[in-house]
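In structure tokens, the next block holds one chain alone, the form predicted on its own.
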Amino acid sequence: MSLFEQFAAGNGAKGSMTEADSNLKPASSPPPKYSEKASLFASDSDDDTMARPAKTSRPDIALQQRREWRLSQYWVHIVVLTIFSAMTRFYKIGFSNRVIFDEAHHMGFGGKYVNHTFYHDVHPPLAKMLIGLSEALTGFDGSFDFKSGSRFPANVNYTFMRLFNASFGATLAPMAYATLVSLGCSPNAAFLAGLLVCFDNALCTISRFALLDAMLMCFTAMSVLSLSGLYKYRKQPFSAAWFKWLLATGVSLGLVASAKWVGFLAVALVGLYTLYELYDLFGQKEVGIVSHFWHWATRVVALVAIPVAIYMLCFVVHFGLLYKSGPGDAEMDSLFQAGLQGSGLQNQPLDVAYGSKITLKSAHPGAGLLHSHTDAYPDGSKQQQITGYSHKDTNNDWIVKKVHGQSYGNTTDTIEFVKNGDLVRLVHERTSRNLHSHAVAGHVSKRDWEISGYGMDGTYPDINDHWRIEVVEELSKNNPERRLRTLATRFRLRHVGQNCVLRASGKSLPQWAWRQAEMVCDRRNHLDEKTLWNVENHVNPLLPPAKPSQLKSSFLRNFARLNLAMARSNNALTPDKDKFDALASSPQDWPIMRLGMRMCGWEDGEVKFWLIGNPVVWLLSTLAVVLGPIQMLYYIVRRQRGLCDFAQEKEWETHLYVSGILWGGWALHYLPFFAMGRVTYQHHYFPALYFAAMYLAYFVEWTGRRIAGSANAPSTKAVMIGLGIAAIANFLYFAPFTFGFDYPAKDLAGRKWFSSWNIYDTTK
């Protein structure tokens, strides 16, 4: 039997809400004897039938027929939901021929893969590489820059690019159905969950453009689906089916983390579930030490090693595709930049010699290059300013010279290389000032000494112009003399007189220094990236250029550097209190649908899209996630007082597991945004909404079981049918916002259900 047939038919699976578990004893009666294990898809009526001893009149045939029926029903539901999803995601997808919302960023990044030019972004590369793949499949030549609001030229097949992206969004509804079935819910509840996901306007709208969200949602859905399969076979560890779902979980975690960093919230969900399961196994006496070790080992390989490998592999492909110099070069260190085609850092000498003209770059991102200009400090020493500057400028050029009173040769052809431990003097080429420090407080960082430009090259000799080279890291090979090397050597400059080190403080100077980066002499002798420097540009006509193999950065170094740069960029996305962001929203706005979001210009004759959810899905799922914990607390209190509400202990155990996965998935994907300092938008709620929609369907079924005694009771079915119809009706009512409209927004003013919605401003 195939994997999907096992998944659908539930062969030998335990742990569903609808099957009896012969390994656990009911609280009030001995376990019944079964002729066969109950099917995963067994309804309440099936449970009642199978709880009785099997009759002798061909029970195996009846059981097989029931399984075949459930399997057929499963695939019919999957096909129907897939068709509905494709219809809603693909309909009129090319209606607008303008670049919509963040397509300007993400389609632009996709174009970088077509052009092979290096760029920098706050997100991992997988989803953007897939967008780039969709562009490459159309034959796109990379000539269009995807400026926001601009019209696509005739040679850009934007419709296919959007269809490619929408295909990921079309998988959500069938995966929601399969997830709930695997968790033990009835086909009716699972189908309701699929409908809620399929006919949510916001999830549909965000899938119809070339953005990262549909791929993130797809991989998130894959993660929870795989986790539900792992849960389904938890009583059969090390079986073939268990291994398949364990590996599927690891692969899906690698994909979701590689799409956007918010995917690590799905990793957290699986991690918490796994730790709880291992803790539970630890308390089972029948699980020996060796067996427990293998439980840990298999999970470490599948859920840690495999996701990490996939995440790193995405960066291997990323670096392999982006081999040309581009707009993101500055976020990487000099050695990486030298390996890019078209970089200005190639074809320069390797070993630095006295008399060489160099630029010095700080290892601290944002500090830039050591810089000086003719302006003086307004206070302190009032000597020439020394700053950090990120742009290429001749004011970044320094000449390496011997200290005062020493020379490096009697002819212009003399070559003497700079080595670790040498005392040097750095002379600013444009102004002939020496790099200087003294016991004068810094201008912003008062605890450190000021750095200034002083003297006129050899005039006014001063020991405070002297610096010692201290090599900290050597990235090149075959350097026995420990020479100072271009790009490959990271070193510190220690001031001889004050015994402090040249440091980028990480702060900006006031406007009188053009808000450039502050440079100080660190009295506390920190050893961190702010005190590390490398030679970026090197000019010396007496020296040959380095071989390309000598200026090559390792993958692990590039990988670590880029991820740190991504983290810094993410942290920099903070709200600007002095500016109003019409698109931003707060986490407390999302569950109650307080705001919608205009995704494009709002001119009367243009195609417009307004991002808003389906009120049936959003508001009722919010109600469910609020009532769920209250209901849980109610039963916990009653159990503590000795009141038994469940015929079998397994029913309560299953409820805890399923609630932990669905409600916990919602909480993990929603609550962390309250602690984030970055600017937030409505689409950040969509992964949490996916869990909330599934939890709503589960909550309806669970409540129906407790009130009506069965998930198949007419009243429970009526509620599910009513919710499904209401969701579809609301979807159609708000369909113009999803599929686009090209008439004045005031014609839809009647759909403004909340005064905070910005469909149409009635004051204008």
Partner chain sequence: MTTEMADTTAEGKAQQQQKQKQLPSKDISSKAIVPTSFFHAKWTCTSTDAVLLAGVLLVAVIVRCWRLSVPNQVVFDEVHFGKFAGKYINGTYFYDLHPPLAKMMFAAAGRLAGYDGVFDFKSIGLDYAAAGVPYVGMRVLPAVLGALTVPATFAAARACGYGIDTALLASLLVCFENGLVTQSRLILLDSPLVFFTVLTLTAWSMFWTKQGRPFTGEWWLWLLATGVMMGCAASSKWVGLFLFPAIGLSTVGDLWDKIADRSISPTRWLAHFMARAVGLLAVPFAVYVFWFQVHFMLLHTTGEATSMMTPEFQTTLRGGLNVSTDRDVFYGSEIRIRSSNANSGYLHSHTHNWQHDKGSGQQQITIYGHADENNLWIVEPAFNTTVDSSQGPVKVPTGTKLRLRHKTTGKFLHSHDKRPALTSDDQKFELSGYGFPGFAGDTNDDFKLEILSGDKNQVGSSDHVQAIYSRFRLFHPNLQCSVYNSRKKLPKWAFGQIEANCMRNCLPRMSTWHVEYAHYPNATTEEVAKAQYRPLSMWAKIWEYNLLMAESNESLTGDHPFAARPQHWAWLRRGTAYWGGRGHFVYQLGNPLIWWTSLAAVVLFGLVRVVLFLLDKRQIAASMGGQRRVYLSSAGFFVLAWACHYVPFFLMGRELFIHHYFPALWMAILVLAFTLDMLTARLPHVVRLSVYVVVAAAVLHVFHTFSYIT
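Residue numbers count along the first chain shown, from 1. Nothing here was measured: the structure is a model prediction, and the numbers come from that model. Rigid core (definition): largest C-alpha set, two forms, superposition within 1.5 Å.
This protein has a second form, the form predicted in complex with its partner chain, left out of what is shown; the following refers to that one.
Contact between Ser445 and its partner chain in the model of the complex is found at the 4.5 Å heavy atom cutoff.
Mapping the unseen interface onto this chain, Trp514 counts among the residues with a heavy atom inside 4.5 Å of its partner chain in the model of the complex. Pro480 falls outside the set of residues with a heavy atom inside 4.5 Å of its partner chain in the model of the complex. In the model of the complex, its partner chain lies farther than 4.5 Å from every heavy atom of His120.
Here the chain stands by itself, but in the model of the complex one stretch of 240 to 248, 494 to 502, 130 to 138, 638 to 646, 638 to 646, has heavy atoms within 4.5 Å of its partner chain.
His292 is the sole member of Arg468, Arg598, His292, His116 with a non-hydrogen atom within 4.5 Å of its partner chain in the model of the complex. Val287 is the sole member of Leu272, Val287, Leu583, Leu623 with a non-hydrogen atom within 4.5 Å of its partner chain in the model of the complex.
If you take 264 to 290 and check each residue for a heavy atom within 4.5 Å of its partner chain in the model of the complex, you get Tyr279, Asp280, Leu281, Phe282, Gly283, Gln284, Lys285, Val287, in sequence order. Relative to the superposed core, Leu133 undergoes a C-alpha shift smaller than 2 Å between this form and the one not shown. Fitting the two forms on the rigid core leaves the C-alpha of Lys382 displaced by at least 2 angstroms between this form and the one not shown. After superposition on the rigid core, displacement of the C-alpha of His77 between this form and the one not shown stays below 2 Å.
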